[in-house]
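What follows is a single chain, given as structure tokens, in the form predicted alone.
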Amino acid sequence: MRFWGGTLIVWGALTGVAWADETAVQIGDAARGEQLFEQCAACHQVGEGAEHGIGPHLNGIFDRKVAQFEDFSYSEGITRARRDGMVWDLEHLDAYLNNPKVLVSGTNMEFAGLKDPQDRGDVLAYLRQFSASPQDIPEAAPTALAEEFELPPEILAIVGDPDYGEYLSTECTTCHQVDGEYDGIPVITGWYEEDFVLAMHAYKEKIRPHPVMHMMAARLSDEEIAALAAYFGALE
């Protein structure tokens, strides 16, 4: 549970039984964030025609895997964070803006940080405009207000067969990249199995919004969801 600019934001636990559906809720004042971003603009560009400068451009930053661009030379610290699987979700972006060197030791980003949560929320609201719209990719939405979703323990206790999951995965991989590269479609490789199961059942119950995923999840049994979770969870 966190507060963003006076707005209560409830997050689903990464490893617990509760999962919070994400909705398109403003995390701050984007207009004010644009003004605050001026102190970032010496190193980072964003918007139409943005290019790498001292730092990489920030288009599509939300839910992008760290160190995504092959044509930019990243610091050793950021490269290590990528190997560790870090993603620029809301929580990590907030922590990085607060104090870059605390989140990523060895980063080249020479910035003291924004200590005011409202300032960080406003800058992130501004940057959010240049990432995929939550209406287009709901699961990439950076905020969570939410209706909690719980599953019975017996469903969470199902042990999935990864070989069966691989057999079932062909429909998933028509959109999602098996190698874990972000191409505008959310990455599902390496998910905690419980997170995967919770998300798929939330789609199945139409709590998590996405018409295509509603259709896909509705076809799957509890055992098939567990198998897919075991398969994708084991991928690097």
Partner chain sequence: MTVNRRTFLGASVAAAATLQAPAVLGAGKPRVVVVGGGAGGATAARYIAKGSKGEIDVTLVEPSRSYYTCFFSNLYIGGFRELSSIAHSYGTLASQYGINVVHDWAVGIDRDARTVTLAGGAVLPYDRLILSPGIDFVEGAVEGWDVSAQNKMPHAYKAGSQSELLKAQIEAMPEGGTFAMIAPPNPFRCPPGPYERISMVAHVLKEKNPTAKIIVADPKPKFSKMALFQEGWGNHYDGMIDWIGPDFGGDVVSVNPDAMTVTIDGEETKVDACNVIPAMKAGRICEMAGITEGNWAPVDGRTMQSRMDENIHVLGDACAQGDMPKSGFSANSQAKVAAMAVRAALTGSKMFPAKFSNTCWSLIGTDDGVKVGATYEATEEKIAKVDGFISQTGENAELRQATYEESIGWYAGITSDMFG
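Between two forms, the rigid core is the largest collection of C-alphas that superpose within 1.5 Å. Residue numbers count along the first chain shown, from 1. This structure is a prediction, so every number in the text was calculated from the model and none was measured.
Another form exists, predicted in complex with its partner chain; not displayed. Remarks below refer to it.
Stretch from 152-160, 75-83, 93-101, 111-119 whose residues place a heavy atom within 4.5 Å of its partner chain in the model of the complex: Contact criterion met by 75-83 only.
Contact test in the model of the complex: Gln177 vs its partner chain, heavy atoms, 4.5 Å: Heavy-atom contact with its partner chain at 4.5 Å: present for Gln177.
Contact test in the model of the complex: His210 vs its partner chain, heavy atoms, 4.5 Å: Within the cut-off, so yes.
Interface membership of Ala50, its partner chain in the model of the complex, 4.5 Å heavy atom rule: No, no contact at 4.5 Å.
In the model of the complex, Thr173 touching its partner chain (heavy atom, 4.5 Å): Although its partner chain is absent here, Thr173 would touch it in the model of the complex, with heavy atoms inside 4.5 Å.
Rigid core fit then Gln39 CA moved by 2 Å or more between the shown form and the other one: Moves: no, less than 2 Å.
Core fit, then Cys172 C-alpha moves 2 Å or more between the shown form and the other one: Superposed on the core, Cys172 moves its C-alpha 2 Å or more between the shown form and the other one.
CA-CA separation of Thr79 and Thr173, closer or farther in the model of the complex than in the form shown [shift of 3 angstroms or more]: Between the C-alphas of Thr79 and Thr173, the gap narrows in the model of the complex (3 Å or more compared with this form).
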